[in-house]
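We begin with a single chain expressed as structure tokens, specifically the form predicted alone.
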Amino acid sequence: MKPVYLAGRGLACALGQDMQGSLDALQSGGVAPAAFRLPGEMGGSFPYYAIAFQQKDWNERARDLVQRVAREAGAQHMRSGVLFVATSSFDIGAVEQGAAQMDYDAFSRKIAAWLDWSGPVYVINTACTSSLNALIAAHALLSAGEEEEALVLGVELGNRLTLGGFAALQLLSQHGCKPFGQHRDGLVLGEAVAALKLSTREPALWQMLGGANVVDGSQPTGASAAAVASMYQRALEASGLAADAIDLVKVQAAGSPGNDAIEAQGLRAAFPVMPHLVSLKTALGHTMGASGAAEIALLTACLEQGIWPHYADPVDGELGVSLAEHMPQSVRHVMATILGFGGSHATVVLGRA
């Protein structure tokens, strides 16, 4: 099996329109979410982490952001590799504007055209775990020697349907994101476009070691503690590591009263000695299908530059877990986790060279 490296990354999110801008904003304390107002009986005003880069036309805005993050990841010259597009909402924002039809094949061709991509294109939609599952698929192709390069592109941009659906399910907070928080009361959604370039021919600081996706549909909109524990165990087996080799876990911890408790239960079952934990939802919001790629891009950059998120709300002591208030001194192995609708539980393992 060939080693697979994280050879490039690009990020546009509420923090900033590139990686350095995002890091600078996070180091300065982050940004406050904007207000997203939904009309109608189930409407209201909800905090929302929007990308400040604004254009009225959805397609033009998406094209510019996709091209920006791909360039930042060093993918502008890639033609022979594989493109994985990870999303949960596709281009529904353009459909709402009357600028697109509900055609997923047309969406993938549109993304490929924006990048002048001539190689294979795969679209992954497993709700919030989309970009992590895209990473797992890309790692399988590259480590087996079937491809030498892949670009994983997470795309999640604002639309009324996503916000309206979460609001109707009463899953959104009206006050803010509180990961594992004592006063957590729901999710805060956000936008992100992120690119991760994987390569077997460009050694880099971070290597992808493996991952796992476990599906348990017994709770269609929630997590399963047994599935969380199984996901970690399978990912450790795939990467050839023991639980005590993990220095840091980037958890989901999106601020859901029930899901955060279930995730904490699964963590306690998987790790006899709890590693350091970090959540990035207070910085980005929950960026749905793009969240895995966006949070890995930001986390690896934070670890390299010594920048760490701040949590305003105290952790709920009944959960039996805590979030690291400061960056751990030595981080060699990292797990990055996303939990999603449909019972999908996904995590990947990164090793620092």
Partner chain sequence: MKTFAISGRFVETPPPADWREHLARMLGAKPRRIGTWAELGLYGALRCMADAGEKMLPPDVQVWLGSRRGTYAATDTVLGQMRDDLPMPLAFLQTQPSQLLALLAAQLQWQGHACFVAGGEPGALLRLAAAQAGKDGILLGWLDEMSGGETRWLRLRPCTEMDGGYIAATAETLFTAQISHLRLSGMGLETRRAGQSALVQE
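Numbering follows the first chain given and starts at 1. This structure is a prediction, so every number in the text was calculated from the model and none was measured.
What comes next is about the form predicted together with its partner chain, which does not appear here.
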Of 240 to 248, 97 to 105, 195 to 203, 275 to 283, the segment with heavy atoms within 4.5 Å of its partner chain in the predicted complex is residues 97 to 105
Using heavy atoms and a 4.5 Å limit, would one call Y122 a contact residue for its partner chain in the predicted complex?
yes
Just to confirm, R160 within 4.5 Å of its partner chain in the predicted complex by heavy atoms?
yes
Taking 4.5 angstroms as the cut-off for heavy atoms, does T221 touch its partner chain in the predicted complex?
yes
Within a 4.5 Å heavy atom cut-off, is G40 in contact with its partner chain in the predicted complex?
yes
Taking its partner chain in the predicted complex as the reference, which of A112, A140, A261, A269 has a non-hydrogen atom within 4.5 Å?
A140
At a 4.5 angstroms cut-off on non-hydrogen atoms, which residues of 126 to 145 are near its partner chain in the predicted complex? List them in order.
T126, A127, N133, I136, A137, A140, L141
